[in-house]
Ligand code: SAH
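First, one chain by itself: the form predicted alone, in structure tokens.
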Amino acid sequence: MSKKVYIETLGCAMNTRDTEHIIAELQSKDDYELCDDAKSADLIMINTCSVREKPVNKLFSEIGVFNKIKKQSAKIGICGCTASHLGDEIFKRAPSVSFVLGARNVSKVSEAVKTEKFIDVSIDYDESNYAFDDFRTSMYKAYVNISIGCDKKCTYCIVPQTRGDEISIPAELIVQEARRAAKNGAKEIFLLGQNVNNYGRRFSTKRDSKIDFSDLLNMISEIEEVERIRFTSPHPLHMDDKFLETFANNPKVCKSMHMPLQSGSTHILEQMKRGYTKEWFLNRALKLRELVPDVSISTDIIVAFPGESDADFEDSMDVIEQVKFEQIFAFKYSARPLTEAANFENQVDKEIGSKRLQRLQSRQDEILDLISSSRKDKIYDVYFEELRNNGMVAGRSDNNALVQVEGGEELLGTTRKVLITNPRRLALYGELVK
């Protein structure tokens, strides 16, 4: 009889893909099967995030919850970014934990499960050439890692301290994985990396060819069964003309771009060590709108970074007004351990930060309402991939708008034209065009 594993995933899409890798390893090497009930599991794992403070606090709360409901013989394992930066402190704070596995050590999960109090949180371990067995949570979309780690030194970010230096995965492995996923029914390939458009900067072996991200996009688009290619996250610093033109001209590359701004103030960007200016970001964003008029641009913004003045914040608001982002992930600055900014002076008062965040989000809601209303009576090609409640099925347009229509399983994995009849801020509702 196979054993059961339950995994809770916190954080980003890269964590989602790491979870899929963990499941694949446990299935192939240890005869585990995935379950959705922690009470019946023989192994409970939490794949953690440490980008902000809230997910870290949630980790220990969740361990307490699982301790109360788990089978007496069940093990608890912690993996991911918080595992990387807390290490054996997790054992001290939560003695019931059986093993701790860092974000750079996913391929060692089989060894970890068999070894009581196993810990490996090394951030210089190289998994870039490791061929994981295949497991995917979706039949219709395939996440594919193209690099591991991050070479950027952003002063607010803990990721380089939890995922190590950036190494690109060999192109032949990426194309092979994408081709296998496509033949199994995934018409959309979603490429993942901390800075995807820095792809090719460093490989772990000299035999790997020197290609860049634009070349990789074109290689994957040559796979016949692949209909759509998405990716996250590109870095504004590396958005050269070749990249933007490849994005605009390759018909299989979906026309949605995540451009992490972080701040609209050149002064604050310097303090963050982002490597670009307000003017560079605006130049790239507006060129993108010129090349692809229907492009959807999303971004990340941190408000109340140490030393952010009223004028600095107004620069961020100015970028919002000029670009008109379709989506903004905005957060109040949260000091993270192992980062430079945690020791900066001029920390901004929390109340001021809350007011700035509220103002930014309120203005973004107004912009979204205008964007949504402009989509009424438009027709989009929608790739359906998820059943919803009340007889609805959901998918994404080429430019990443969430679209829902009445329907069932017969629509999953198909691309259909949809007339938008009821646009809302968070989703567009429509009817199939017959």
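Heads up: residue numbers just count along the shown sequence, starting at 1. Just so it is clear, the model here is predicted, and its values are computed rather than measured.
Keep in mind that the form predicted together with the named molecule is not shown, yet the notes after this line are about it.
The named molecule is not drawn, but in the predicted complex it has a heavy atom within 4.5 Å of S334. At the 4.5 Å threshold, heavy atoms of C157 reach the named molecule in the predicted complex. Among residues of the shown chain, G200 is not one whose heavy atoms approach the named molecule to within 4.5 Å in the predicted complex. The named molecule is not shown here, but in the predicted complex it comes within 4.5 Å of a heavy atom of I302. Within 4.5 Å of the named molecule in the predicted complex, a heavy atom is found for not a single one of K255, R375 and Q404.
Of the residues R52, K29, K39, R388, just one reaches the named molecule in the predicted complex with a heavy atom at 4.5 Å or closer; this is R52.
Of the listed positions (S296, S128, S233, Q364), a single one reaches within 4.5 angstroms of the named molecule by any non-hydrogen atom in the predicted complex, namely S233. Only one of 149 to 157, 309 to 317, 288 to 296, 113 to 121 places residue heavy atoms within 4.5 angstroms of the named molecule in the predicted complex, namely 149 to 157.
In the predicted complex, P260, Q262 are the residues of 248 to 262 with at least one heavy atom within 4.5 Å of the named molecule, listed from first to last.
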